[in-house]
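Next up is one chain by itself, shown in structure tokens, the form predicted alone.
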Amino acid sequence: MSIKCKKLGYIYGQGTPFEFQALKDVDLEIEEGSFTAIIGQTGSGKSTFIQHINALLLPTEGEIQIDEYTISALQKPESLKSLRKKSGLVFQFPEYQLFEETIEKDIMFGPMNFGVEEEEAKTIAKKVIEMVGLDQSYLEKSPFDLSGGQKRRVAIAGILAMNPDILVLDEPTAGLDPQGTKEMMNLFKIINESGKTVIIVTHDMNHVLTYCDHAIVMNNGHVERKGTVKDIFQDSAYLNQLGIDLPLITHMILDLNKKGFHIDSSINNIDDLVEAIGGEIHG
């Protein structure tokens, strides 16, 4: 499921004294099956943009095409419901998505809303709760008795239960400890490798380098740059200018290269870095 934007724009409070243009002339294509990071400073338009991918927000200018759907300022799909099954969005604050009395009912809600029978929905709930690292005993608990990190896992499980073609995640590891963060990012990578498009908004450039293949840089409502993660991170001065921190391993490689090494700045794991350093020392 490809995503194409043509002169996409969005204005909050249009026609009021509080009018604010959050997106301006966004021309963009996100390839089907990619793992794409959207990066930029707070207020750059990242969260506004991703809410257009499942039509939570409708453009005030231009259009966005998602597979056979075209959503524009002048027209929208006849049925947004079917689009929202194909494109699942996990909000930055998971408590906004949780509302049922038990976790099981919360996870079942999506599939049953799209016609899945109750027993099948229960089976799906048992499967996806374990996918996000929680055991089946959680299904009978109230989602409001959970920690912030657990709520995030349940919110993700509710989206996975609908088996979307596109998974959109807004700061998905916020509130998780380091081990939980690693588990969730590995899960998103597995989902991506199964053929699904994964789009992640994150301020953690270490995640971008380790897991993503493409990156989009947003600034003041515009898409400033787009390309492979390797290409984006090669211009460290540009990212620093925007206040975007480089991944720790990239910082280390750049520091080593200043001292005379010639190490590929696209290396994204410590084992490969150690091997590259050893090759230069002993080569």
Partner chain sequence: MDKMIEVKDLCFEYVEGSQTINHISFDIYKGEYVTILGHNGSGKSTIAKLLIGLLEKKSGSIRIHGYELNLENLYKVREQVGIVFQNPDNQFIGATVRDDIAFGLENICIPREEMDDLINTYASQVRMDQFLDHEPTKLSGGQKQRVAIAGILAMSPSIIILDEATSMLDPRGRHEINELVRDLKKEREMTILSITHDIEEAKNADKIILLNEGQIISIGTPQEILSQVDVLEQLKLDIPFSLKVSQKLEEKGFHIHKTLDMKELENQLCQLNAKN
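In this text the structure is predicted, and so the values were computed from the model without any measurement. Numbering follows the first chain given and starts at 1.
Below: the form predicted in complex with its partner chain, not depicted.
The partner is absent here, but in the model of the complex a heavy atom of Leu176, alone among Met185, Ile156, Ile166, Leu176, sits within 4.5 Å of its partner chain. None of Glu29, Asp231, Asp245, Glu68 but one reaches within 4.5 angstroms of its partner chain in the model of the complex through a heavy atom, and that residue is Asp245.
Under a 4.5 angstroms non-hydrogen atom cutoff, its partner chain in the model of the complex lacks Glu100 among its neighbouring residues. Proximity of Asp264 to its partner chain in the model of the complex falls outside the 4.5 Å heavy atom cutoff.
Residue contact check for Gly227: none of its heavy atoms lie within 4.5 Å of its partner chain in the model of the complex. Taking non-hydrogen atoms only, Asp255 approaches its partner chain to within 4.5 angstroms in the model of the complex. Judged by heavy atoms within 4.5 Å of its partner chain in the model of the complex, the contact stretch among the candidates 29-37, 59-67, 210-218, 233-241 is 233-241. Annotated contacts: Glu95, Ile270 and Ile277 all touch its partner chain in the model of the complex [non-hydrogen atom within 4.5 angstroms]. In the model of the complex, Ser147, Gly148, Gly149, Gln150, Arg152, Arg153 are the residues of 140-154 with at least one heavy atom within 4.5 Å of its partner chain, listed from first to last.
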